[in-house]
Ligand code: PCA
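Presented as structure tokens, the chain that follows is alone, the form predicted alone.
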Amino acid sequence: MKRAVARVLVTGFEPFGGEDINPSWEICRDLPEAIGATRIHVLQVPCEFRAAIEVVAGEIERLEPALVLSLGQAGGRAAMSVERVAINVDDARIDDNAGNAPVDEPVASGGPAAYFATVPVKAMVAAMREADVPAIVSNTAGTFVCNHLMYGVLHFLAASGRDARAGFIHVPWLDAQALARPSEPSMALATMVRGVEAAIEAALTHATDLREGGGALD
């Protein structure tokens, strides 16, 4: 039986790496409960290998959302980065919040080398820019828990036969975080919230992606 109201699941990570705040979760906390007729559900995710995927997969099973959009912190980036691809590699330079630091391990043993996002990444970037939010298509989600979760969600959806679309956005430091990093770029929380709202709307309304370039970050 189909649900009468479409659902979007947006996830953000708990703080990690010695930070006491994570912009990805702060964005989730400030999102509206609905965009048009679509309900927005948010979920805080542990910054831990394996556990992150398990928590989100469980929520997908519970909600059956039409769209899963995960957010993660990428301190040092100047724009919101809509990720195009996740790779089947865990290669941590620091411990996760459970003390795990896998090196050159697969996210999913026997899984494909990579998954492309199933959201319209260029359309999302265009919508974010139209909302006056610096945004770019990124071709590198890293090899830490963000890439791990993006790959894991796409792998779970593919393996379970669900038709939900999924993607990932990396976000810069919050302005408050940049106080201790005067040479690092940052962005206001309200700006990032506006960008995520625009990205969600674009993902829900574009069945296919745009053809023009997205100013990709390699």
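Model, not experiment: these values are computed from the prediction. Start at 1 with the first residue shown and count on from there.
Only in words, not in the display: the form predicted in complex with the ligand, which the text now covers.
Across the options 99-107, 122-130, 142-150, 84-92, residues that bring heavy atoms within 4.5 Å of the ligand in the model of the complex belong to 142-150. With a 4.5 Å cutoff on heavy atoms, residue 174 does not count as touching the ligand in the model of the complex; it lies far away.
The ligand is not shown here, but in the model of the complex it comes within 4.5 Å of a heavy atom of residue 73. The ligand in the model of the complex comes within 4.5 Å of a heavy atom belonging to residue 47.
At a distance threshold of 4.5 angstroms between non-hydrogen atoms, residue 22 is in contact with the ligand in the model of the complex. Residues are counted as partner-facing when one of their heavy atoms sits within 4.5 Å of the ligand in the model of the complex; in 150-188 only 170 qualifies.
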